[in-house]
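A lone chain, given as structure tokens: the form predicted alone.
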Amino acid sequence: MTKPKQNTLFVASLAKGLRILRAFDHTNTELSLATLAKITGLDKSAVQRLANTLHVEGMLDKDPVTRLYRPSHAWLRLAYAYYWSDPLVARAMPKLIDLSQRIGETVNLAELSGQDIIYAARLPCKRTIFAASVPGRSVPALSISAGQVIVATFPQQEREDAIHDWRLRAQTPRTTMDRAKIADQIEAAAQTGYAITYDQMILDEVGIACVIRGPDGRGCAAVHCSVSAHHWDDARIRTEILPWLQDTANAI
């Protein structure tokens, strides 16, 4: 059996350091060495060296009393650099602001990141909770309208492969886990250029998304809006929100 070719440019120690950084998320904001070792699967001595190096280099802060590590302001500098490097965000932002003011609801710029959708820009409304106002959250692409409308632009075989293989994760009791139903939803999005999902991430939340196409016609992102089912019925969504989302996505 032929062994896979070794990547001689791969730096294992750097990769381990990145595993330390990736251990932090919205549920793990401050971590001990023991917890870092558990999450990363690295031995505690390696975690101690790596975490200390990241602390010295300014990537992690360390509480002098609890000795817990947490992300430092350096992460904000990296996010700042990202926003300047992504031309889509700069192009989209003025149009997203206008859309947000017109409809008075939460508006997101959603981009595909592997098998997930990541919110690259978020414009909250008055009712938005903090968690829904912070950019960078990622969710399974197949579960939400933004992901479905992007996948709908894939070539047929690539679309079928994504529906069959991409991960799903139940976020609510009503999150759709039936891949055949998801395939039907994506097929509908392929015909219309938009998708609407219900109760997928939060109960009684409706997600509406219109695809942003690149020059080749393939979806590269989506304009996404989240509204409460208590305030918006389907007919009102289609007449008062959807046309504005379509115009914004086409303009971007």
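All of these numbers come straight from a predicted model, not from anything done at the bench. Just count from 1 along the sequence shown to find any residue number.
As for the form predicted in complex with the DNA, it is not shown, yet the points below apply to it.
- Partner contact region in the predicted complex: 41-49, out of 204-212, 219-227, 191-199, 41-49, criterion any non-hydrogen atom within 4.5 Å of the DNA.
- Contact with the DNA in the predicted complex holds for all three of S13, K62 and R67, each having a heavy atom within 4.5 Å.
- Contact annotation: S32 falls within 4.5 Å of the DNA in the predicted complex, judged by heavy atom distances.
- For the partner-free chain shown, nothing in 155-179 comes within 4.5 angstroms of the DNA in the predicted complex, judged by any non-hydrogen atom.
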